[in-house]
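Shown next are two forms of a single protein chain, provided one at a time as C-alpha cells under the names structure 1 and structure 2.
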Structure 1
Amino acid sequence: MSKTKLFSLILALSLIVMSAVGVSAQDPVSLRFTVWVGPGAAMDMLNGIAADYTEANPNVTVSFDTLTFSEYTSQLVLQLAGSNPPDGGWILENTAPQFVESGVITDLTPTLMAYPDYNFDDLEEAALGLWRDGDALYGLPFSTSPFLIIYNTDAFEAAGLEDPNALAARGEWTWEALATAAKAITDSTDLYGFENADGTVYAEGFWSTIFPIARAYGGGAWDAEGTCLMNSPETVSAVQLYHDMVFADGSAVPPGEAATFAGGQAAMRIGQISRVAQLDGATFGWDIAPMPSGPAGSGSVIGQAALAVFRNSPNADVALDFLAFMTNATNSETMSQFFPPARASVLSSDTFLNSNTRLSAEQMQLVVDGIASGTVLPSSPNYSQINLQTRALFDELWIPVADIQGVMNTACETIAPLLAN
C-alpha cells in the first residue's frame, strides 16, 4: 500500500473501532488528552485545570499524554486506530482540514452553545475558519500564537549590534538585517547567530522556519486555489537566504548540530511565548522581537492549535464537557500565559498583557500585534501526503551546493495532484 494513503486509511479505520459505551454521571471516568508539551510550567498549568475539573466532578480524572512534537500527528493517528484511543487532544493547523474532513472528530457546537456562561460569541470568528464545516465547529483553537524572534541580549551587546526592537521601531528589522546580525555574532563570539524553529527545519518543521521568510518575500507554500508557490522567485529567495546563513555565513545551526538557543549556543531563534519557559535559569539576558519584514512587508505568522474530541472516545460526552471547561473564559485567561486564545475579551485585556510572569506587558503587546498582522501556517486536506512526499526532496536543500530552484520545481511537480484534490 502507498504510504501517501496511510493517514486517510488509519483515520477511516479509527471510525470502525468506535465504541458505543455510555457513561453516567456517577460512573468513574478516566479521560486522556494528547498534547505535545512535556514536564514543566505549561504542563503544571494543564494539570491544575484538570484538578479543578475533578474537584467539581469527583468521578472524573483527566491525564495528558505527551507525544513527540515532530511525530505528533502520526503517533496520534496510530493511537486513534488502536484499541485504546485518546478521548481528545490537540491538533495542529496544518492538518486541520484532514481531521475535519475525515469525520473522526466531534462537532463541538452543541456543547459550547449550551455550556453555562461559555460566551461563544466571544470567540474570534476569524480564528475558527480552519475548524469549521458549515455550521459545525470541530476544533476549538486554544492557541493562536504568533512566531517571534527570541534573542540573546548579551550576544547582541558583545557583538556591538543594535537591538532588534530598536531596528523594528524604525522599520529596519528585516530578514537581511537578521542575517547580518547573525553573521556578526558568529564572527565575534563562540555562538551560532541563529537557530531555526524548534530545531526542526531539517526534518518535520520545514515550514515553521521557511514560511515566515517566504511570506516576507511575497512567496509561500501554495495558495487557496491550489497553485504551488514553492518554486516562485519569492520563495526561492527566502530559501536561499536561510541556505546562505547555514553554508555561506556559517551563522545558522547546521544539520546534525545540537546547538540550541535555550542551551546558550545560539543567539537568536524563532519561537512562541510558550518557549520562554525553557529559559528559566538561563545564564544570559534575553528579549523578544517581532518577526522580521521583507520586500513584501510583514513576516508575521501564527501557529494555531485546537482542542478536539475524537468520535471513537468511549467517554465523548464527558470529554466534550471537559473541553468546554478547559476553554471557558476563566481557563482561557489562565492558559493565555503560554497559549494566546481565540477569545477577544482575553486578548484585549490588561490581564492578558500581564498574564505571563516571564514577559512584560510591553513584550506581550508584541503577541497581540503579531496576531493582528499574522497569517496561519500552510494547511491542506492532503497535508500529510504533501509533507511525506516533499520531506525527502527538501533534504536535498541542506548541502553546500544545492540546486534550490530545481528542488522547489520538483516539489511543485510532485505535489500538484495533491493540491488539485
Structure 2
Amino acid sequence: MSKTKLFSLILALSLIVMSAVGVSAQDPVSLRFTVWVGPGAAMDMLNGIAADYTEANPNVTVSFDTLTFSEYTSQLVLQLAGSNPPDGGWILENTAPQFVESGVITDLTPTLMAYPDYNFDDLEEAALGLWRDGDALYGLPFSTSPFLIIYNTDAFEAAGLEDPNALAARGEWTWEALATAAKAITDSTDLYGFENADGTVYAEGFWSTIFPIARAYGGGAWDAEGTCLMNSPETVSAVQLYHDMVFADGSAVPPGEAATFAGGQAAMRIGQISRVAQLDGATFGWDIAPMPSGPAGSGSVIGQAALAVFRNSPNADVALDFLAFMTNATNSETMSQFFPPARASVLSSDTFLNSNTRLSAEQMQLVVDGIASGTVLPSSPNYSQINLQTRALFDELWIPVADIQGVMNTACETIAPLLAN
C-alpha cells in the first residue's frame, strides 16, 4: 500500500469514528426521574439543577415526575415493570433493602469514584449503610433529615410553659417533659398537645412516631441480626407513654381524628425541616426543638431518601452522570435547604446553616446535631409484609384499655419468620 493510500485510509477511518462519536454525543436524551415532591419551591430547585445540567450537556433534558408519597413505591414498581421505565428516582429508606436486593438498581460507585471533583470520601459512611451491598453502593442518600419537634410557641406561652429549647439546653427535654407539656396545653387551651408524625401512627407510619420514643427508652423495632425488639420492656414503655398521652391525658390526637399542627389544632408535632414549608402563612408562632431524650439518651432519628438509577433505563450511563452532577458538593449545598445531605463538608459549612429561608442558623444547627446522633428508621427486605401484619395487630393498641405487652409479644411472634429471611 502506498503512503498516500494508507494516509487516506487512516483519514477516512478517523473521520468515520469522529462523526460517530459526534453523533452519539449529540443524540438527544431525555431523562425522567421519579420523586414524591409536588410543585413548589423544592420542585423549582430540582428543575434549576436540571436546567444547569442541560446547559452543560445541551443534548440532555431531565424531567421530574411526581408520584404521590403514600403510593410512591407501588407506583414506581409498576412503572419499572412497564415498557417505559423511569431512568432514575428517589427511594425511601424503609424499602431500601428491598430495592438493593431486587437487582433493579445500578451500582453507583464506578461513576461516583470517577466523577471529577466528586470527593466521594466527603460522604458520611454511616449514612450510606442502608444502601450498600458489600462495596457496591446502590442509592445515594440525598436527604438525611433528622426528626425534630416543631412546636407552637403561642400555645406554650398561653399554657405558661418553659420553652423546649431551654429545657433541652439543661438536658431536661425528655419524652416525659414533652408529655407533661402536652397535657398542660390540652388542659389550658383548646388545642391537642401533640400530633404524631404526619398523622400516620395509627396506620402505615407507626414507627415514625414510636421509634424515636423507643430509641430514647433503649428499645426499637428489630436489630440488624433480625431479633425482634418490639416486646422488650423498653419498647413497651415507649408505647405506654404514647398510649397514656392519647387515652389517659387526652393530649395526643387520637385515632380517627384529623387535627393537625399546621391547621393550628395541635401544639407540637414530629417533623423534618421539609415540613416547615407547610407553615407559610401560619397564624401562630412556631419554633423547632430537638427530639426529646429518655432513660437511654438521645432519641434522634433520621428519615432518609436516596437517589438511584434503574438498571432498565435505556440511558443508564447518562442518568448516572446526572446523578453524580446532582449530588456533587455544589448541588448538595443547593439542595440542603430542603434536604440535608450526607456530605460532611456541606453540613459543617455556614452556607448550610444559612440555606433555609424559614429557619435561622441556630435552628439549622439542630439539624446538624440530629444527623450526628441519629439512627435511621427500621427497614427490611420484607418491610411491606411486616407492615401489613403488624399494622393489623397494632390496631389493638389504640383502645383505652390495651394489653400493650401482649400485643407486642404477638407482633414479635408473627413477624419472626419474616425477620429470619
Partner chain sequence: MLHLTNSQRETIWGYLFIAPQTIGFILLIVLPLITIFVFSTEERNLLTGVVVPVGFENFRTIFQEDILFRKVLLNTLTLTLGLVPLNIGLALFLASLLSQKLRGITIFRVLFFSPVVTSAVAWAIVWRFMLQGEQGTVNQVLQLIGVEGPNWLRRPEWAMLSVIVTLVIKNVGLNTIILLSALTNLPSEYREAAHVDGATRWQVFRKITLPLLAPTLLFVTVITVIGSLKVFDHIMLMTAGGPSNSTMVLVYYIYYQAFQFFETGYASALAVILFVIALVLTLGQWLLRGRAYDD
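In this text, rigid core is short for the largest set of C-alphas that superpose within 1.5 Å between two forms. All values derive from a computational prediction rather than experimental measurement. Here, residue number means position along structure 1's sequence, counting from 1.
Only structure 2 is derived from the form predicted together with its partner chain.
Annotation: Cα of Tyr202 displaced by less than 2 Å between the two structures, core superposition. Remark: with the core as the superposition reference, the CA shift of Ser145 between the two structures stays below 2 Å. Asn312 is among the residues whose C-alpha shifts by 2 Å or more between the two structures once the rigid core is aligned. Taking the core as the fixed frame between the two structures, we note the C-alpha of Asn84 moving 4.1 angstrom. Core superposition places the C-alpha of Glu71 3.2 Å apart between the two structures.
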